[in-house]
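Next comes just one chain, in structure tokens: the form predicted on its own.
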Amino acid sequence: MKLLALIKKEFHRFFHDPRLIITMLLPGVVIFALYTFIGEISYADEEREYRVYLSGDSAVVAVIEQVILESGDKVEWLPLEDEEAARREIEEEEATAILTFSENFDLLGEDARVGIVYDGSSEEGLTFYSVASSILIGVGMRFPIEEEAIGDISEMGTDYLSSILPMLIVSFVFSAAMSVTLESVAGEKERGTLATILVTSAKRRDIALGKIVPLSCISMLGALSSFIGVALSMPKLMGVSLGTFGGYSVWSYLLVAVSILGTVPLIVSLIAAVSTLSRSVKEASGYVSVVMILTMVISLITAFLPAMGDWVVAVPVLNAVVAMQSVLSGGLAVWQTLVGTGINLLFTVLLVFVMTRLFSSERVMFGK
């Protein structure tokens, strides 16, 4: 019952302070506004023309054409007669892509197949692939798209986006967690209200959980806001219609959400532990800022390394960053996401235990 009362106390403090609520919702608004603006600037007054070789027939072609025309671009469909010649044109950037459908594709039978060969080094090729793959996923495909990128896709901003965006998301989650956790732990310690709770019959474990559980739930609002901002801004950033997914599947977005939400309790626990060791909000803010900057620097370094190896899944927070980078690069890092989330939760439990011991220390809590 004491644990429930402590949890209710934290929720009451948060939901009766409009400034904290705005702080939680602000990251998603900033991400959406920033990346939508970048997308608008990048593709403003830019009419793209697509030359696509087509093999087979499907009603999906008309849908793809409609989306392209609505975006203010043009598309020219060419019959595929010589695939090797078409590939050479893509390499020389004279054509955009090759789109092939198996016979009776629209029946979506077991033998239905679709393939996309596109220019991975041009905006036109990446945008066409983004539009076509999103529409194919939207019409209910139950099998993978056979895709091939010609050219160095890393030359385009997609690779830059997948490298930088996860770091920005984690930094926003850090900031959102700091705004509520520092005041709840270091702030109460500085004012002496935490000492009042400690002299009651409440168990130290309940006090620790009474902080971590509600603060994690509250910080997840900020994490969810960041995720929604990413999901809504991605199509614009990729230069496609808002009705598509920006080239990413529902599973990709789900994995990003799991990575974000699985990291939140760990970040909150880390900030809470540092706050417990600090004597004031100012001191705790300085220590946590150093931890956040260190995490951002490491995340930025890993973004530009060719391969980190599977060992990175054991590194807290960093495992979520690398998993998101992999997903946003076009992969489905399922096991990395799930294992990394599990490890982050284990470290969260460890930090809760550490906080319990810190609350039991008179030297830490009362300076004795």
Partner chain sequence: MEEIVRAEGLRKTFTLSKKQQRIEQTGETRRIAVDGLSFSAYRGEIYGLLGPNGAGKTTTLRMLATLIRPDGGDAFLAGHSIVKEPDKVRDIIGFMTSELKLEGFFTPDYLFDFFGAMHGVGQDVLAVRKRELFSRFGIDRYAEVPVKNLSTGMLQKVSLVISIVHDPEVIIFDEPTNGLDVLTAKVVTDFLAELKGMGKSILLSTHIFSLVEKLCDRVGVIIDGKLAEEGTLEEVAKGDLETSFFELYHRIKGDAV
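Positions refer to the first chain, counted from 1. Computed from a predicted structure; not experimentally measured.
Quick note: we don't show the form predicted together with its partner chain, though the next part is all about it.
- The stretch from 266 to 274, 212 to 220, 195 to 203, 86 to 94 that comes within 4.5 Å of its partner chain in the predicted bound form, counting heavy atoms only, is 195 to 203.
- Put simply, of 147, 188, 124, 73 only one has a heavy atom within 4.5 Å of its partner chain in the predicted bound form, and it is 188.
- When its partner chain is considered in the predicted bound form, residue 6 lines it closely, a heavy atom lying within 4.5 Å.
- Using a 4.5 angstroms threshold between heavy atoms, residue 357 stays clear of its partner chain in the predicted bound form.
- In the predicted bound form, its partner chain lies beyond 4.5 angstroms of every heavy atom of every residue of 253 to 282.
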